[in-house]
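In structure tokens, the next block holds one chain alone, the form predicted on its own.
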Amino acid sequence: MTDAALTALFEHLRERTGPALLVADEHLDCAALLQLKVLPGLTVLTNRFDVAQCATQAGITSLFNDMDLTACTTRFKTISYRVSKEKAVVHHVINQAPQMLAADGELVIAGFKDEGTKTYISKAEQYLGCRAEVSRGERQLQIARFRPAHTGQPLDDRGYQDWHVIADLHGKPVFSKPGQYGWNKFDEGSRLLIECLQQQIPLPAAAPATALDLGCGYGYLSLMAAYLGVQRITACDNNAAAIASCQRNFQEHNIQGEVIADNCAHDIHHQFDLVLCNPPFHRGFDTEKSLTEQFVSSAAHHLKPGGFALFVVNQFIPLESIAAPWFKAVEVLYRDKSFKVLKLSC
């Protein structure tokens, strides 16, 4: 683990007494979790399915949900949180902390200055009615400890727990919510992928029977594929907010299929005629090439013989070379200054 903010939180957790909650997102990986298995009274709450699985396998009490701290059945002496990439998530976590802390409990947050941590600390001081005890580390790392006195005006979390209608599709609303990437818009890359898919299946009768939406988000690719004639769709994502949103849209648009919490379809063991994917290339604030490789290899394993996958990625992602060992044919269907769409065939 190289994240200095998480390292600082781990050091603090080793020093504390009493029940503790670690609120974790994609910054935390399985290797780092192994360092925590010796800490008694620790609960990990995460919106990442793979993190929850790893915590359970390590013998750590874990809870997988959409950053709902109130689902915990105890109050904590310590709540530790490494700030997330999305501001609404950070505000949502801070807003909930007071009601989940014991009377003498403290909230500890850590992050870097260029991630907005200084502003988060200032806003949290106003909301929690106390001055933070702030320490600093490498690369402008900031660690703040709060002992709430009284709560004021909650931080703006963009209506984190509410459904937001972001568009209309075939006369029905498309729902989304904060807590997932690109939650409040139709992603341009995904739109380009669907244009290419429509060229591959110009008539509904020509549509593949089954599809896997790999990393589904709120389900845009699934919705569009269904309207193009795909009969049954399985959508999966590692993020709890995405799963909730996609399930809501499947219900609203009467999509035949299922939505599954899973890390890159690791626990999905059947194959499909079509795989659709707009893969992430960030883990937290950092770019990570191995994420694209995971999605490409998963697509290869989940395609039926004769099937194909459509991927959209940013121009700088070397998808052609990444996909070559896994597929018989790699074809660029579209390219502009920002995106490229590739067809990968078995």
Ligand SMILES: C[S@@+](CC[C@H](N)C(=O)[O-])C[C@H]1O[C@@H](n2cnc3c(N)ncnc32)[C@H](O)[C@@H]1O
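Start at 1 with the first residue shown and count on from there. None of these values were measured; they are calculated from a predicted model.
Keep in mind the form predicted together with the named molecule is missing from the figure; the text below concerns it.
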| query | finding |
| --- | --- |
| Which of 215 to 223, 120 to 128, 81 to 89, 152 to 160 sits within 4.5 Å of the named molecule in the predicted complex, heavy atom basis | 215 to 223 |
| Heavy atom distance at most 4.5 Å to the named molecule in the predicted complex, all of 237, 264 and 278 | yes |
| Touches the named molecule in the predicted complex: residue 311 (any heavy atom, 4.5 Å) | no |
| Contact label in the predicted complex: residue 96 to the named molecule, heavy atom within 4.5 Å | no |
| Proximity of residue 190 to the named molecule in the predicted complex, heavy atoms at 4.5 Å | yes |
| The named molecule contact at residue 112 in the predicted complex, heavy atom, 4.5 Å | no |
| Members of 165 to 181 lying within 4.5 angstroms of the named molecule, judged by heavy atom, in the predicted complex | 181 |
